[in-house]
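There is one chain below, alone, in structure tokens, taken in the form predicted on its own.
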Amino acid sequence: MTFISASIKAFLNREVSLAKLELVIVELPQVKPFRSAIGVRTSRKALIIKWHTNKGVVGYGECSCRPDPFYSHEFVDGAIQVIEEFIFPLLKQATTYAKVLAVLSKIRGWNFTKAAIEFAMNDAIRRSTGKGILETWERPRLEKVPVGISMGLFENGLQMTEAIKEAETEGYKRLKFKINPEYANPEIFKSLKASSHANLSFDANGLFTYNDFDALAQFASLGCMIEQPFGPGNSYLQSEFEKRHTKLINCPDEEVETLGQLIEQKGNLAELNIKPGRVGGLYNTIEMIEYCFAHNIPAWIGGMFETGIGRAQNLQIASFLMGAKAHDQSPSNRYFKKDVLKEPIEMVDGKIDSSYFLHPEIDEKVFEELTLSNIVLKS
């Protein structure tokens, strides 16, 4: 079973060269702390891959995993070890895009890590020739991409109300709130019900269990989409919940890492959050989106608080999802005091213009300033 066009299949024969890989850890201070059920973060620590071709062209890719294994099994230091010990030695013999994908497929799991390699390779090809795999994808694209905002947990209803007003004023096309079982309290629901925004949703990060059905029912009763209500591997709880309560507008996230898992979950979902890193890269993302097109599954592009490098990549992909109401791709200044792009990603009236992400340039001075460490792997 394949959902890839002939033009993309032909692109996979494109020759690639690799002189060296750089594994760079950067840390971007945030504008303000972000609180979720996983914890409070004040900065974004990210692994950036720099793919150097034999002709001196450099492509950039971001590994979107967290520095800890609390979202998935992947974490930054582990990703570095997997690349050093297993991926890089195999890459030395890979001479085409398809052969690089074949190398990456030998690694079980570690999708964020493998995606970063493909992102960097594709960026190097794009910078060399003007055309990467997305430019080969024969689908219409949006000139302006609608974006939403992912908001953390709030200490009280007043704080939430103020954040809602600010986001509404800025024009975000969707307001998404982190939730957990303890968050179901009258003060929070009062603030949510007072909002006039047409597109509210929730993100549970898989924190609700069989014992939390009553709390989950309070959120579900608002008629909003709930992203990843149950932990990965526990999707059977959805039917148990719906026997007792209302129907869930379920949007998988962590639950779907492969096309096969999407096919298995098709009957349980109302829409799908696709994170290109989570699903293993550009090729896998295209295949998954094509499946969604073929089966009328609403999909949108999620994020992992990427730097401008990963965010620009995500926005390129989001531009193909013309029917999506919003993507979790807020502008750089929403989260970071400094970003690594010469022109930080900006938003106007809830949309981001394509000129910000089609040809992103790295601000090497800022990139170096934010660098914590650098490992060079030579072919």
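Treat the numbers as computed from the prediction; the structure is a model and nothing was measured. So that there is no doubt, residue numbering starts at 1 and follows the sequence shown.
Keep in mind that the form predicted in complex with 2-succinylbenzoate is not shown, yet the notes after this line are about it.
Trainee: With 2-succinylbenzoate left out here, work out from 330-338, 350-358, 316-324, 54-62 which stretch has heavy atoms within 4.5 Å of it in the model of the complex.
Mentor: So the stretch in question is 330-338.
Trainee: Mark residue 303 yes when one of its heavy atoms lies within 4.5 Å of a heavy atom of 2-succinylbenzoate in the model of the complex, and no otherwise.
Mentor: Residue-level check for residue 303: yes, a contact with 2-succinylbenzoate.
Trainee: Does 2-succinylbenzoate get within 4.5 angstroms of any non-hydrogen atom of residue 126 in the model of the complex?
Mentor: Looking in the model of the complex, residue contacts with 2-succinylbenzoate do not include residue 126, since no heavy atom lies within 4.5 Å.
Trainee: Could you tell me if residue 203 has a non-hydrogen atom within 4.5 Å of 2-succinylbenzoate in the model of the complex?
Mentor: It does: once 2-succinylbenzoate is placed as it appears in the model of the complex, residue 203 has a heavy atom within 4.5 Å of it.
Trainee: Could you tell me if residue 255 has a non-hydrogen atom within 4.5 Å of 2-succinylbenzoate in the model of the complex?
Mentor: Output for residue 255 is no: heavy atoms all beyond 4.5 Å of 2-succinylbenzoate.
Trainee: Within 4.5 Å of 2-succinylbenzoate in the model of the complex, do 71, 150 and 275 each have at least one heavy atom?
Mentor: Every listed residue reaches 2-succinylbenzoate in the model of the complex, so yes.
Trainee: Using a 4.5 Å cut-off on heavy atoms, what residues in 102-117 are near 2-succinylbenzoate in the model of the complex?
Mentor: Stretch hits: zero.
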